[in-house]
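Just one chain follows, in the form predicted on its own, and it is written as structure tokens.
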């Protein structure tokens, strides 16, 4: 990994999807996290992970052609490349190609259709019914656009209001049967639209991400001692479960906090080894998938390829309907979508 890329990451610690992580010093914990009625289990020793690069689902070269994905070099702004993706059923996926102002629909390992977008400033995308997509623009329009299959903007929903003080604090976009939700500070979800895509009259807030099975809310917090505390709060009430996952190296960020329909929790952590004296050269960066069961007991670890390019990605990992973990990785040749069986 390029040293410059790692230093940039170190200066802006990240959580699921590549935006700034919430560390204990960055923001006071919410009441849900602070209560901790059930103490976390004692941490297990750092396990030796198996290694997986994942099976290639789709690959695209850089460019503006029908089957390519856009990448722009840094000039007056940061370098850009696909910021996000959403895996779908039967090998489908949506890849946000914001440099080329479109969403690429992938099926059977190739691009089968493009949905035009009105600008290149989008950060995340979600799949909606009827071939539509929702696209998140945190920093410029500060809204979510509902876009039809031909690129027509059907509706624009402002991010400002309620629990969202600054649109830039939004860290991901999620589509559910009950509407559109945005994650704020990797800490809580806010419902901004109903199931029909209309702006929500009152904004609901939940303390974490919905688990895939719908039974709980999930949160992850990096601590200062090579660990990540994962909390699962039952939606039906009762004390939360907690587990502390320990790593051999200091944790730079939480790259993903996902779950599958069986209740397993999938945590991807980025860890970093630095020289002990100034200028603290980066010696190595590692990325590890930790699979936890419904009670947050550790099942296994899988070593994943670490990020090697400087482009920011809001979402690098997501779980598909099949329960597999999908990753979108970038290199100098292009972008690759991979399937990892946890």
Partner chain sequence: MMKSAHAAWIGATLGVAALTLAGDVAALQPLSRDEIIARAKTVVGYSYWWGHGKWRTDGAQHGSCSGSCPSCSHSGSYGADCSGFVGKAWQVPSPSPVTQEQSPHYTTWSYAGSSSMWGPISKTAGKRGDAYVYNSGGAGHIFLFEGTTNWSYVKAYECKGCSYGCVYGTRELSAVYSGRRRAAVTDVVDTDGDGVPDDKDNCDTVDNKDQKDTDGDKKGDACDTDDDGDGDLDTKDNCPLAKNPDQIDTDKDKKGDACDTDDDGDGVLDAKDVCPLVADKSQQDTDKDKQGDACDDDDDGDGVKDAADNCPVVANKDQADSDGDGRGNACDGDDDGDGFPDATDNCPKVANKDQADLDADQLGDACDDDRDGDGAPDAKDNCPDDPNKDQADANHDGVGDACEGDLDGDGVPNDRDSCPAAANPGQEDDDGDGAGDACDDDRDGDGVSNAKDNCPDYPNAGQEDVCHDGDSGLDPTGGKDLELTLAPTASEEAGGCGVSPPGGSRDSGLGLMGLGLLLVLGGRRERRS
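Numbering follows the first chain given and starts at 1. As the structure is a prediction and not an experimental result, all values here were calculated from the model.
Although it is not shown, the form predicted together with the partner chain is what the next lines describe.
- Per the 4.5 Å heavy atom criterion, the partner chain in the model of the complex is contacted by stretch 118-126, the sole one of 156-164, 190-198, 118-126, 236-244.
- The candidate spot formed by 213, 302 and 338 lies out of contact with the partner chain in the model of the complex, as no residue has a heavy atom within 4.5 Å of it.
- Exactly one listed residue, out of 95, 133, 170, 265, brings a non-hydrogen atom to within 4.5 Å of the partner chain in the model of the complex: 170.
- The contact with the partner chain in the model of the complex, taken as any heavy atom within 4.5 Å, belongs to 253 out of 259, 253, 104, 84.
- In the model of the complex, no heavy atom of residue 68 sits within 4.5 Å of the partner chain.
- For the chain shown alone, residue 205 is not a contact residue for the partner chain in the model of the complex, no non-hydrogen atom being within 4.5 angstroms.
- The shortest heavy atom separation between residue 78 and the partner chain in the model of the complex is within 4.5 Å.
- Taking the partner from the other structure, the partner chain in the model of the complex has a heavy atom within 4.5 Å of a heavy atom of residue 310.
- Of all the residues from 201-235, those having a non-hydrogen atom no more than 4.5 Å from the partner chain in the model of the complex are 209, 219, 220, 221, 222.
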